[in-house]
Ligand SMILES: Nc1nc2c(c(=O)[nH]1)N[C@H]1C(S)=C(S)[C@@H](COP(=O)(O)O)O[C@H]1N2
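Just one chain follows, in the form predicted on its own, and it is written as structure tokens.
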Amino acid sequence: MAHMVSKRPSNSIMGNSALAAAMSRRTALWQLGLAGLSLAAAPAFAEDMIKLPLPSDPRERPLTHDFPQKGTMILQRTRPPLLETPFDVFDRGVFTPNDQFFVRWHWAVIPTSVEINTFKLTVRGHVNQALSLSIDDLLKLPQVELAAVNQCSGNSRGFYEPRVPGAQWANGAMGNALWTGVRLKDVLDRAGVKAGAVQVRLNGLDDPVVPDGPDFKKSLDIEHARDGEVMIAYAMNREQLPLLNGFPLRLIVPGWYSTYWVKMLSDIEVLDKADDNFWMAVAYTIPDTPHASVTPGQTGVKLVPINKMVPRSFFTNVADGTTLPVGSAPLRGIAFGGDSGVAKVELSIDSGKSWQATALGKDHGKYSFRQWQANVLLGAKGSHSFMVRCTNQAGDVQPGTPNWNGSGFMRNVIETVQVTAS
């Protein structure tokens, strides 16, 4: 089960009563923080700027420090909040700190407070008995922990050429956390899934900004929802979920893109037919082609809902324009295998003519970031093209050519940085 660790309810991170109390106290802070934030003017976020390494303008983004429970973040959009993790954060360790974990919402109507004492998670639909579960009810179920990467479908969209619409993320619309919660399977089993169930539809507390806007809902096939790995998290990195990352409950779908990781989860509906709502049938669909890639302008391609993530790897201690002394140079970075564990990470310092193995860091499970490192010898002054690629346990390798689709989804081309030796 990919390093998923089960714990008895009495061994919860903070203790069940302390956990519930902490969640209750958190609501007051959020009511104050987000109510003020929603009225803030755009210039309040523009104290500092960062220039992202994108192929086209505008490349500059504000750095914001003004979102509650968040440290320094790259501001992609104020409403709904789209906050990108500054990439230097990923050089500090495998787990992304909660206060710099990226944020992506679809609708701007987000609750500014959640009253834990009255909050309920409903389970309904094609089940033997409908449920209305409190946080205390969930804390009584077996507790599990799982390390998993949460990555936006459009992470790195800003690098697409030709450019496509949507948030122009660099590589920071991702993060890795240790998630704590309960198995979705255990909740579904408590309700009793009826024969003939096809999918499970998940919904959160956010609402459309217009009356006829499609409510954000996502569905998983019943077998996937009950695989024992999909979970309902109430903590990340052994702390409470920040509200902007889904407080009080968030769905965790390890190995799949973030669109399925429903935040502020409040409703679970078991369906006896395939879900055809907008967010499944129209939005978040990809070409049913290798690497979800098409030629710009190509039409008539079958589309399917986006699903499993693909392997990626990055440099974290060097970037384009870095200058290194001639001689031995330490390189390091992170990688993840998508829906499978990291098998190997390889490095090239000669534009891909030759590749060498790197040393992998601790394995936190097949869905987690994994650190890599290597020492290279720069024997000559001048420009060097460094490349890094990941192969996962299923044998999938990062491609040398970037994919392209009209949504800017699933980019995972081999990362390249230009470094100067002096």
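Computed from a prediction, not measured in an experiment: that's the story for all the values here. Counting begins at 1, following the sequence as shown.
Below, we refer to the form predicted in complex with this ligand, which is not included among the displayed structures.
A.B. asks: Please pick, from Phe159, Phe314, Trp261, Phe90, the one residue with any non-hydrogen atom lying within 4.5 angstroms of this ligand in the predicted bound form.
C.D. replies: Comparing distances to this ligand in the predicted bound form, the residue within 4.5 Å is Trp261.
A.B. asks: Taking 4.5 angstroms as the heavy atom distance cut-off, pick the stretch from 136 to 144, 99 to 107, 296 to 304, 337 to 345 that is near this ligand in the predicted bound form.
C.D. replies: This holds for exactly one stretch, 99 to 107.
A.B. asks: Would Arg250 show up as a contact with this ligand in the predicted bound form if we use heavy atoms at 4.5 Å?
C.D. replies: Result yes; Arg250 sits at the interface with this ligand in the predicted bound form.
A.B. asks: Even though the partner isn't displayed, in the predicted bound form is Asn245 close enough to this ligand, meaning a heavy atom within 4.5 Å?
C.D. replies: Residue-level check for Asn245: yes, a contact with this ligand.
A.B. asks: When the contact criterion is heavy atoms within 4.5 Å, does Trp256 count as touching this ligand in the predicted bound form?
C.D. replies: No, Trp256 stays farther than 4.5 Å from this ligand in the predicted bound form.
A.B. asks: Please tell me whether any heavy atom belonging to Gly181 falls inside 4.5 Å of a heavy atom of this ligand, as the geometry stands in the predicted bound form.
C.D. replies: Although this ligand is absent here, Gly181 would stay clear of it in the predicted bound form, with no heavy atoms inside 4.5 Å.
A.B. asks: Using the arrangement in the predicted bound form, list in sequence order the residues of 131 to 160 with any heavy atom within 4.5 angstroms of this ligand.
C.D. replies: The stretch touches the partner through Asn150, Cys152.
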